[in-house]
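Before any questions on binding or motion, here is one chain by itself as structure tokens, the form predicted on its own.
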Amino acid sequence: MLQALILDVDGTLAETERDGHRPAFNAAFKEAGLPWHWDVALYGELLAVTGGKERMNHYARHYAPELAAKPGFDNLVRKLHLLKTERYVELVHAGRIPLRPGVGPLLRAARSAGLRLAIATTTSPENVSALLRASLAPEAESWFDAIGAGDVVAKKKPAPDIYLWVLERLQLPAAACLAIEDSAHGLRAALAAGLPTLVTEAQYTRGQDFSGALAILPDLGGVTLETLRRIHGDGIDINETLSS
């Protein structure tokens, strides 16, 4: 029986990457006096690296190796990440990053029905808190029994560590949960943790390899708890699910 939903954040709850994280990174670079700029296409390539600090390290090694080799570069990355988080939170509070279709109603329905909720993401806890409070309710963090975010585990997706961390805190078997992801990295992480997984494709993830997902949807618009229970229990074809 389905007992809990475990959700990714970026691309799953909201389309945060292109119009949230990317401009926040660029603002941080500008404030720090760096001549870096991540356009839409480049940022899509950089998303192959999970984690903001990891993404900056990867970019510097390839595009600014002299800077990356300097003593103290790790400190610079940490400062840039703090700046970026501040700018991202400002965008969220300004209403620039709404939830994706169906997310809010589905979470409220799950909560009302007694399903437990959890989050498993590589984004920082501050980013998660800001999005939940601005888009759901001021007390929305309390809706979730576990919020796995940021650096609570050493290995980020596609490693399963963040999902295993959440499952440990929920004290539920993976088979009793349904993960909702948007990316191939996230899907691999969830599957490696033994989680049945539903994918909702995002702007940057359409066309990725989602082999192993129970179903692949454009978004959660029109999806009900009964839909999720049927997908979780039967692994049926999503077209059959939505047409019934």
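From 1 onward, residues are counted along the sequence shown. Computed from a predicted model, the values in this text were never measured in an experiment.
Omitted here: the form predicted in complex with a small molecule. The next part is about that form.
Participant: Is it true that 17, 21 and 52 each have at least one non-hydrogen atom within 4.5 Å of the small molecule in the model of the complex?
Facilitator: Looking in the model of the complex, the three residues 17, 21 and 52 all sit within 4.5 Å of the small molecule (heavy atoms).
Participant: Go through 115-123, 136-144, 99-107, 166-174 and give me the stretch that gets within 4.5 Å of the small molecule in the model of the complex, heavy atoms only.
Facilitator: This holds for exactly one stretch, 115-123.
Participant: Can you pick the one in 210, 36, 43, 59 that has a heavy atom within 4.5 Å of the small molecule in the model of the complex?
Facilitator: The residue from 210, 36, 43, 59 that makes the contact is 43.
Participant: When the contact criterion is heavy atoms within 4.5 Å, does residue 193 count as touching the small molecule in the model of the complex?
Facilitator: No - in the model of the complex, heavy atoms of residue 193 and the small molecule never come within 4.5 Å of each other.
Participant: Check whether residue 87 has any heavy atom within 4.5 Å of a heavy atom of the small molecule in the model of the complex, and answer yes or no.
Facilitator: Answer no; every heavy atom of residue 87 is more than 4.5 Å from the small molecule in the model of the complex.
Participant: Are any of the heavy atoms in residue 217 no more than 4.5 Å from a heavy atom of the small molecule in the model of the complex?
Facilitator: Taking the distances in the model of the complex, the answer for residue 217 is no, it never comes within 4.5 Å of the small molecule.
Participant: Does residue 47 make contact with the small molecule in the model of the complex, using a 4.5 Å heavy atom cut-off?
Facilitator: Residue 47: contacts the small molecule in the model of the complex.
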